[in-house]
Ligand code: ADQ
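The chain below stands alone, shown as C-alpha cells; this is the form predicted on its own.
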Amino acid sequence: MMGAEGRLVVVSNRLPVAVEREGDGWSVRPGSGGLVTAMAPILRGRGGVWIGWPGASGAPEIGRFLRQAGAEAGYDLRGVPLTAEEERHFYIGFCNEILWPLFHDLLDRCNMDPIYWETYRAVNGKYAGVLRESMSPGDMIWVHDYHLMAVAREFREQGGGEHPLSFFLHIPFPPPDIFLKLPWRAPILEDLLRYDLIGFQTERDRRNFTHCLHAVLRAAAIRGKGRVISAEHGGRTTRLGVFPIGIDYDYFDRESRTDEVASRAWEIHSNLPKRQIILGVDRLDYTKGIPHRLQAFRAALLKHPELIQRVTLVQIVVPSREDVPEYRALKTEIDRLVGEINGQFTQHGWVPIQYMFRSLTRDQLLGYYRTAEIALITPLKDGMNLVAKEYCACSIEENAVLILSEFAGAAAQLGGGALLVNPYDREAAADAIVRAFHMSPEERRTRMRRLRRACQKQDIFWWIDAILRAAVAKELHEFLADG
C-alpha cells in the first residue's frame, strides 16, 4: 500500500516533453493534453516521477535537459534511451505493425516478424530497469498502454520484488478470434497478469480480455462483478477494472466561452453562411474510418439532394507517420475521394467538403467545435475517442448533434445522446447525417445536455481518482500537495 507521502511514478512510452534536435543543439518541447494536465499536480504534489522515451537518444546532454525540464515541471523526468534499431523494431515494428492493427481488429495489416517480439521484451526490460532505479519505498507505479505490457514481469525479474504495479490500456482489447492469431498470445497474457491492477476503457474490452484468458490460460479463474473484478492465475491475483478515460471538461467549457474562440467561431460560420457545418477531426490513421465517412457523406448527398448547398463537411486530418507507406496510401485515398466528391457536387458558391491536412491551434480547433452543428466521428474502432467528448464540452449553445461510431469506446457512455452508427454501413451512416440535419432544436438540446452531463461527470480527474482508489484505496486529494 502506498504511504501518505508516497510518490506516483508514471511510466509511458513517451515523456510529457520531447527533446528535439535544433541546429547544432537540442531543445525541449513541452507536451500537452488532458493526461499531462491531470497528472501534473499529482506528480508535483508528491515529488513524483515520469519515465519514458524522450524522443531522441544517443546524446549525453539529453539528461541535463530533462533535469532542467523536470525542475520547471516540479517532478522528475527520467529518460529511457533507445537505439535506432530498438525504435524501429519495438515502436514501429511490434507496437505499430502488430499490436496496433491487431487490437483494432485489422489482422490483415499485421506483420508478425519474430524479431519484433524479441526487441519488445528487451525494450520493456529497459523501461523496467529505469523504473527500478527510480523507485522508493511506498511509491505507486502506474504503467500506460500497449507499448509496455511486459514491464511488470521485467521489473519483478530484475529484483523489483512485489511492489504494487498498475496498468492502463488506452486502446481496445480484441476478442479471442482476433487475439488468438497472435503468436505470443500466452506470454502477453501472462505478462499482463504480473500487474496488480489492469484498467480497461470499456466493459467490452475487459470481457474480451477475460474470454482470452479462458481460451489461452485455462487455469485462470475470474471472480467478482462490477467495476472491479479479479483474475487468479499462478498464485497471483490481478484486479481488472473498467475506467473510461475523460477530458478536462471544465477547461474545454471555459475556453470555448472566451472572446477569442467566439470570434473564431463567428468567422468560420460567416465564411460558410446559411448552412450546417458537419465536422470531422482525426489523426491520419486507418482506424479512423475517414474514407468510409467520405463515402457516407457522398451517399447522403445522392439520396437527399435537399442537403446540397445547405451542408458543408469540414474534414480536418492531422498529419501522422507520413513516412510509412500505408499512411501515405491512406492520404492518397482521402485526397482522391475529396476530389471526386467535390468534383461531383460543387456548385457556384458551394463546395461540399472543406479538407484541411494540417494541425490546428487550440483556439482554431475550439472554434470549429463550438460552431459546428454536427460532429461526424466514425472510427472503425477506438479505445475511447476524446474528440467526441471535447466536441460536447464545447457545444455550449447545445444546438449540436453528435454522430458517433458504435465501435468507439465513448459509445458506451455517450450512446444515450449521440446518434450511433456502424461506420461500415454506408447507407445507415448517410441516414444519420440526414436525421441530424433535420433534427429539431428541442431534440438537439435534450440530447446535447445529456451528453455534456456525461462528459462532466466522468472527466479526467474522475478517471484518475477511480484508478488510484482501485489501486491503493486512496482518494485523489491524498496525492495532492498539502494545503
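Model, not experiment: these values are computed from the prediction. When you see a residue number, it is the position in the sequence shown, counting from 1.
Quick note: we don't show the form predicted in complex with adenosine-5'-diphosphate-glucose (ADQ), though the next part is all about it.
Enquirer: Does each of H170, Q201 and E390 have at least one heavy atom within 4.5 Å of adenosine-5'-diphosphate-glucose (ADQ) in the predicted bound form?
Expert: All of them do, each having a heavy atom within 4.5 Å of the partner.
Enquirer: Which listed residue (S136, S359, T346, T258) meets the criterion of a heavy atom within 4.5 Å of adenosine-5'-diphosphate-glucose (ADQ) in the predicted bound form?
Expert: Exactly one listed residue reaches within 4.5 Å, namely S359.
Enquirer: Tell me, out of R283, R275, K303, R156, which residue has a non-hydrogen atom within 4.5 angstroms of adenosine-5'-diphosphate-glucose (ADQ) in the predicted bound form.
Expert: The residue in contact is R283.
Enquirer: Heavy atoms within 4.5 Å of adenosine-5'-diphosphate-glucose (ADQ) in the predicted bound form: does T378 have any?
Expert: No, no contact at 4.5 Å.
Enquirer: Check K288 for me: does it contact adenosine-5'-diphosphate-glucose (ADQ) in the predicted bound form (non-hydrogen atoms, 4.5 angstroms)?
Expert: Yes, K288 is a contact residue.
Enquirer: In the predicted bound form, does D382 come within 4.5 Å of adenosine-5'-diphosphate-glucose (ADQ), counting heavy atoms only?
Expert: Yes, D382 is a contact residue.
Enquirer: Quick one: does W100 come within 4.5 Å of adenosine-5'-diphosphate-glucose (ADQ) in the predicted bound form, counting heavy atoms only?
Expert: Because a heavy atom of W100 falls inside 4.5 Å of adenosine-5'-diphosphate-glucose (ADQ) in the predicted bound form, the answer is yes.
Enquirer: In the predicted bound form, which of the stretches 124-132, 292-300, 85-93, 365-373 has residues with heavy atoms within 4.5 Å of adenosine-5'-diphosphate-glucose (ADQ)?
Expert: It is 365-373 that comes within 4.5 Å of the partner.
Enquirer: For the stretch 234-252, I need every residue with any heavy atom inside 4.5 Å of adenosine-5'-diphosphate-glucose (ADQ) in the predicted bound form, listed N to C.
Expert: Stretch hits: a single one, I245.
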